[in-house]
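Single chain ahead, written as structure tokens, the form predicted alone.
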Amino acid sequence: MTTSVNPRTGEAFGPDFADATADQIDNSVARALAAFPIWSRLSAQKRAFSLNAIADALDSQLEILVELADMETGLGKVRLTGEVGRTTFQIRSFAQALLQGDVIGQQLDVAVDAPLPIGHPRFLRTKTGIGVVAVFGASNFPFAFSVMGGDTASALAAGCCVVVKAHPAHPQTSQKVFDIAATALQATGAPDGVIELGHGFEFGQAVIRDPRISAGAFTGSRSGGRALFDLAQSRPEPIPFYGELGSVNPVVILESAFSEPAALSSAYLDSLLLGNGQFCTNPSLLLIPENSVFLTELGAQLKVREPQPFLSQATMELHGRNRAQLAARSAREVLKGKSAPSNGFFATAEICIFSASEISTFDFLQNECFGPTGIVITYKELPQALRILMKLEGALVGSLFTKELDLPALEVVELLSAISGRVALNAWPTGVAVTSGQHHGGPYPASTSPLHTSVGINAISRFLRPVTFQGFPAEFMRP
């Protein structure tokens, strides 16, 4: 049974959602599988029409969706209003890409009448939807990475049908979004089963094991994503599983960009504490030149920052365990924010200060402390910072602040690009634009497939399977 809980008060509110039974799970996958041949063979124009209809329907219910999501997540109406806009923007972006033929184009090699290796028959290379996709909604983005988020939208654009596992942190929001999307699809004449939704832990495990599922997509914790990845790979017929597992994102500030400690402190805290630190792209690890003025300013500014709620009790408890492991490392100094209230799901913001010269082991730097906790490492010489970067695991994004791209700066860029899916210059890592040039992924454990992105138009490539037709006549063309 899944029940909504207001993170500001810790109080539950209905309705409750029963965990899906084995029969319900079987029926959901069966409906999606039955719809797949119809949906995948629709023209790009018709699928784009349906996607735009979903986006319009979500926009028309904006106030209801925001109100509901705010009660379940505590993320605030301003943030959530923007997130609905981002969600419908990316749905329409996939629709536009379909209309322009940007993502599902065909490649033709005309026959060449000549001896090998120059000669060859006619080849028509096409792309088709991979099948039914299992999508696992994220806790921290109840719209943009959930029921109708980028994973679902890109899979639908590819011609796949989708079975979504609702996140227990916002079950009512998930159900409402699904109801809106399903109604919009029905109004456009799409077959029943193009999108399905289920609740409960067993639903997720059963779906990823189901032999009728052809791919999986996930945004969430390393432990949860890795468990599902292992299930997907251990099946008799393994399937691709695209997991975005969060990361420790390094930010390096060089001396040349360190002239305004007050402004730098403010911008860092804005990014670190955005959404109560519950962003997979937050600047979890900051490397800075030694500067007592900056630390003094940082401590003063942190003291006046208001505590924000966690998404759920489970998120708060996980953060507490990770913070306890960090505390065991005996930081040189710990800066604290305003005391957290006793009711609801809150924690006092903390920033742990370490000196690069005193760090001998690096394992604690790999543990993502998902919440209002930051690590600042001060260095005397740049090689100390470079040594730490070389020890880090894969990240979604790394940032560099510098006045010029001189040789030291380029050394940092080289190391950041070796471990990150995106490298930002003079910009904080939070904020992931939905654009064709975006790459939201990275080497493991940031994601299970560093070759693919979960944000931007190229996300559709995860769910398209190439098929080449050899020797077919010129009039043969796939829709």
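Note that residue numbering follows the sequence shown and begins at 1. For clarity, every value in this text was computed on a predicted model and none was experimentally measured.
Beyond the structure shown, there is the form predicted together with a small molecule, which is absent from this document and is the topic of what follows.
S.K.: Would T73 count as touching the small molecule in the predicted complex under a 4.5 Å heavy atom rule?
M.R.: Close contact is absent here: in the predicted complex, T73 is far from the small molecule, nothing within 4.5 Å, heavy atoms only.
S.K.: Are any of the heavy atoms in F310 no more than 4.5 Å from a heavy atom of the small molecule in the predicted complex?
M.R.: Because no heavy atom of F310 falls inside 4.5 Å of the small molecule in the predicted complex, the answer is no.
S.K.: I'd like to know whether T219 contacts the small molecule in the predicted complex, with contact meaning heavy atoms within 4.5 angstroms.
M.R.: Flag for T219 set to yes.
S.K.: Please run the contact check for R47 against the small molecule in the predicted complex: heavy atoms, 4.5 angstroms, yes or no?
M.R.: Result no; R47 lies far from the small molecule in the predicted complex.
S.K.: Find the only residue in F136, F94, F143, F401 having a heavy atom within 4.5 Å of the small molecule in the predicted complex.
M.R.: Checking each option against the small molecule in the predicted complex, the one that comes within 4.5 Å is F136.
S.K.: Go through A262, A227, L99, L405 and name the one with a heavy atom inside 4.5 Å of the small molecule in the predicted complex.
M.R.: If I apply the 4.5 Å criterion carefully, the residue I get is A227.
S.K.: In the predicted complex, which of 106 to 114, 243 to 251, 329 to 337, 301 to 309 comes within 4.5 Å of the small molecule (heavy atoms)?
M.R.: Only one stretch qualifies here: 243 to 251.
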